[in-house]
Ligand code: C5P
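What follows is a single chain, given as structure tokens, in the form predicted on its own.
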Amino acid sequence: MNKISQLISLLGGTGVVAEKLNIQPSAISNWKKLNKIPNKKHEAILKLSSNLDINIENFFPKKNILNVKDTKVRILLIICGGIACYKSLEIIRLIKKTNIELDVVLTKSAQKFITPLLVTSLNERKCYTDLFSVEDETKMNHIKLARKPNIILVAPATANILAKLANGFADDLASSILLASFSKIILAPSMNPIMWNNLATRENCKKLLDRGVKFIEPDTGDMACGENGTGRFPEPKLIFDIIMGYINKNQTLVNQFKNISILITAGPTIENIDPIRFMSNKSSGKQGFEIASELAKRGAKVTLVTGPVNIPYPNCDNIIKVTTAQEMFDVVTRQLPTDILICSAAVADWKLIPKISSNKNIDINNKIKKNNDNLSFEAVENPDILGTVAKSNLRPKIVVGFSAETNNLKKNAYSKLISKNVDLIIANDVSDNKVFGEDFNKVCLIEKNNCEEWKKQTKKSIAVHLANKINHLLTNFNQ
């Protein structure tokens, strides 16, 4: 008698287990025949055995449990069309031996080689294929699939998907997910050697590397097309080992900020002058969103307060949208107390109140006409969110501010650090206007007794370095 047959017998037999689980007895018989219980039924079997003196672990195959057992790791595998895509089935099989939650997306061309039914049978979960599926898109599944995983593995990654990702195309489910995700993206390319070495492909790879995308380099050898060179799909076991190594290396970060509350402001604020005109700035919110995403990945309870932006929202606990500086101030103060405050928002320093020669205010609910004689504007200061909170009785343990300067970068940033009573200032030179809306930045980290010049890097990379710095400060604070 195999282990599963023995377990079913201990639980009362085929008929009893089938009745309790509300499934057909033939399904139980199949489990016994295969000596395997589907993963999705493990929890139900555990419940049935909870009142019996059974060591259930003896009956389930041991899994490659990650170092942090209470952390759920999620991977999205995107399989693109190529002769090597059948090898991705082995990657699925290897991942299924772990406690990783796996979703799979098949591109249209991949379905010419393997079927969604085959993937579903192997993974025991729905296989996603269509961007325009009514069933999926009523739940906005392409966005959920983009935000849910810790890692998106594209294997095999064709020249086509590299070009789409590098140049911002989103014309199917796979490319839409990649463009809308904050997850770590790992590509395992597979293609003809001439395609791999084509200048266009090399330039696309360089773009992606600069943006922080990781590559598992293709192998060299004989190709299915009969040619020889670099472009072979890496062995599935190698890909699996690299993924597991990456996960285990980063598991120490997953709970780094566990039970730590972090409040982050991001984006611009808008101050209306009348129903048509307003005062604002060029902030895109990208840096603040990357910081929120990184800290949330490390286990922090992140609340993001953001002005109006046109970029995807990160996956964090709470997102609060505001428009004006006063609204942002009110929301931030209502969220106190918090352990850490990071003010990356570009808050408008003033709002403009229109007046006419008689010193009377103009009705700002209606459009201001150009024929108003002697029209002028009174600049009224907006509340100072950073300085007010940093000097309040509810001051967080760590307060981080941002300083956008056009001259005397370090001097002005240090002055802001002291005058507003904050712990860190991230300062950047915006004199050439090549920071707002861009993916790269070069900043200085200013402390009372230290100044670090960080090289030009992606805003995602800056978020990683800032998270490391905050963790260092928090560790010293708690000692």
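Predicted, not measured: the structure shown is a model, and the values here were computed from it. So that there is no doubt, residue numbering starts at 1 and follows the sequence shown.
A second form of this protein, the form predicted in complex with the named molecule, is not displayed here; the remarks below concern that form.
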{"query": "Candidate from F289, Y128, F257, F402 lying within 4.5 Å of the named molecule in the predicted complex - any heavy atom", "finding": "F402"}
{"query": "Among the candidates L295, V347, L187, L77, the residue which, in the predicted complex, approaches the named molecule to within 4.5 Å (heavy atoms)", "finding": "V347"}
{"query": "Triple contact flag C343, D384 and K420 to the named molecule in the predicted complex, non-hydrogen atom at 4.5 angstroms", "finding": "yes"}
{"query": "Options 198-206, 97-105, 176-184, 347-355; stretch whose heavy atom lies within 4.5 Å of the named molecule in the predicted complex", "finding": "347-355"}
{"query": "is_contact(K416, the named molecule) in the predicted complex, heavy atom dist at most 4.5 Å", "finding": "yes"}
